Structure formats: structure tokens, C-alpha cells
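A single chain comes next, written as C-alpha cells; it is the form predicted on its own.
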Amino acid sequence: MSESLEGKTVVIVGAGPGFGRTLALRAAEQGATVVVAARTASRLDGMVDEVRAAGGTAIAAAVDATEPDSVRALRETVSQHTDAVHGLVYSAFAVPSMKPLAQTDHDQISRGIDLSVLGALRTTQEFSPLLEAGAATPDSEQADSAPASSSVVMMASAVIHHSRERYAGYKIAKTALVALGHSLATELGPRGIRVNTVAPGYIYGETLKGYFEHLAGKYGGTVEDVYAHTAEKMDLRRLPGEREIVDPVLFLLSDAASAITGQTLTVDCGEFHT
């Protein structure tokens, strides 16, 4: 797997400082040219510098996935560097409303759907020609085995598996994203484009550690206490780290997953059985 993305171009939309950064570094490590795109352009330059410092190739481009013109501009930027894209990861995220549905403003739900679902659709629509071109250019190593394909991976959430209070708005958006992935897999499959979703549970990185610190201060105890209480729900009695979410995404992007499409992979250390 050390060079499973060798010679490929992977576009990461919603490349944040945690998951997105780790994905960019790991994809570049496996030989991909990485395009990192997000609304906060200042974060992207740091990611590109890290990738290049490690010997990889990376390009930064600002994008607002809720704006069709912005998504189109991203595709045009990528087209200036390559005529084929082999992988597209959609992980744009905004902090959801954490209120019961009875108290949730409809506009908040609409914004969540616009970013999570329609943003993914806009991006896939724009990049479909480049993804199709990527599927039509097999590696020499692959020519004698499985047919070439390109890959779209959409980041959902394990929230799709439960109906806990205050998560309803987020669940609505992420469940719709999974349904979108199913339909796109059917429509784009004949063009050699695979579409899958990954549904992570907790991702134990700096953001979640900060939230656990908040909970420890609010309710008493330590971050370790909050972690242990949360991990009790997992079969493995621990929370997955960023790399443990990234590596399944890399697998779905790679030729090793050439026969996998229309699927949702839950990565949560066994909190839910799907």
C-alpha cells in the first residue's frame, strides 16, 4: 500500500486541520498529487507546505461548496494542472445545530443539507468529466488486472445509525448524503466512477480533546475520565484516531477497492454494528 496512489491526483474538498490534513499527508505519502480545498484559505498554505516538506506534491485552492461558481472555479483551477482526477474526497463540515427538532430553526437544517448534501452533489457534478478521464487512464501495473476506475469518497457520520437527542438536524443531512452516494454510484458506475461513503464515529484528535476538556471542566473529573466513559460504548473500548479514519478512505481511493461502490463503511471501534 506504500505507493497505492502513485501517479494519481486526489482532490480533498473540506480539507480541515485534523482529518483533512492527515489525509493530505498520507495520500501524498502514497504517491498522489493532492489538491486541498476549503473555505479558509490560510489553513491550506500550511498543509501544502507540510506535504512539500515531506517530499510530496500539493496544490491549494479556496472553495465554498455552497456556491456553484466557487465549485466551478475549483474545477477550473484543477484543470489547469491536470486533465484527469482519480480521487475526490468530500468532507466539508460545519458545526450542526444541537437542539431538538422542535427548537431547531428550519434555516439551520437547510444550511446543513446545502453544505453536506448539495455541496457534495455540486462538487461531484463538476468533477465527473475529470473523474471519467481518470478512470480511462489505467496504470501500467493495473492494465492486466481489474479495469481502471476513479473514486469518490463522501464523509458521512455514524450519527446515521442512532436517533439521540439533539443530533436530528445533523442526522438528516448525513443520511441524505448516504442516499446521494447510493444514487451517484448507480449513475456514475458505467463511466468507471466508484462512489462510497465513510461514516466515522468519534475521531480522537485535537478538536475532540478540546471538547472533552470542556466536558471535564463542566461536569468535573479529567479528560481521561471523559474518554473512558465515552469508550465504554465501543467494542474495542477506545476511540479511533485520525489515521484510523484516513486509512479506510485511502483504501477506497485505491485500486485495491476497484470492485467496491455504493457502500457505506462505518469506522467507530465497534460502537454500532452495521
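Heads up: residue numbers just count along the shown sequence, starting at 1. We call the rigid core whatever largest set of C-alpha positions still superposes within 1.5 Å between the two forms. Every value quoted in this text rests on a predicted model; they were computed, and no experiment measured them.
Missing here is the form predicted together with a small molecule; even so, the following discussion is about that form.
Q: Looking at Ala135, Ala173, Leu188, Ala92, which is the one with a non-hydrogen atom within 4.5 Å of the small molecule in the predicted bound form?
A: Contact check passes for Ala92.
Q: Using a 4.5 Å cut on heavy atoms, which of Ala120, Ala156, Val152, Val85 is close to the small molecule in the predicted bound form?
A: In short, Ala156.
Q: Determine whether any heavy atom of Gly262 comes within 4.5 Å of a heavy atom of the small molecule in the predicted bound form, and answer yes or no.
A: Flag for Gly262 set to no.
Q: If you check in the predicted bound form, is Leu115 within 4.5 Å of the small molecule, heavy atoms only?
A: Although the small molecule is absent here, Leu115 would touch it in the predicted bound form, with heavy atoms inside 4.5 Å.
Q: Would you classify Gly169 as touching the small molecule in the predicted bound form, given a 4.5 Å non-hydrogen atom cut-off?
A: Contact with the small molecule, no.
Q: Would you please decide whether Thr222 lies within 4.5 angstroms of the small molecule in the predicted bound form, comparing each non-hydrogen atom pair?
A: Result no; Thr222 lies far from the small molecule in the predicted bound form.
Q: In the predicted bound form, which of 49 to 57, 62 to 70, 28 to 36, 224 to 232 comes within 4.5 Å of the small molecule (heavy atoms)?
A: Contact-bearing stretch, as computed: 62 to 70.
Q: Please say whether, between the shown form and the other one, the C-alpha of Arg52 moves by 2 Å or more once the core is aligned.
A: Where the cores coincide, Arg52 shows only a C-alpha shift between the shown form and the other one that is less than 2 Å.
Q: When the rigid core is used for the superposition, does Lys209 move between the shown form and the other one (threshold: C-alpha shift of 2 Å or more)?
A: Yes: Lys209 shifts by at least 2 Å between the shown form and the other one.
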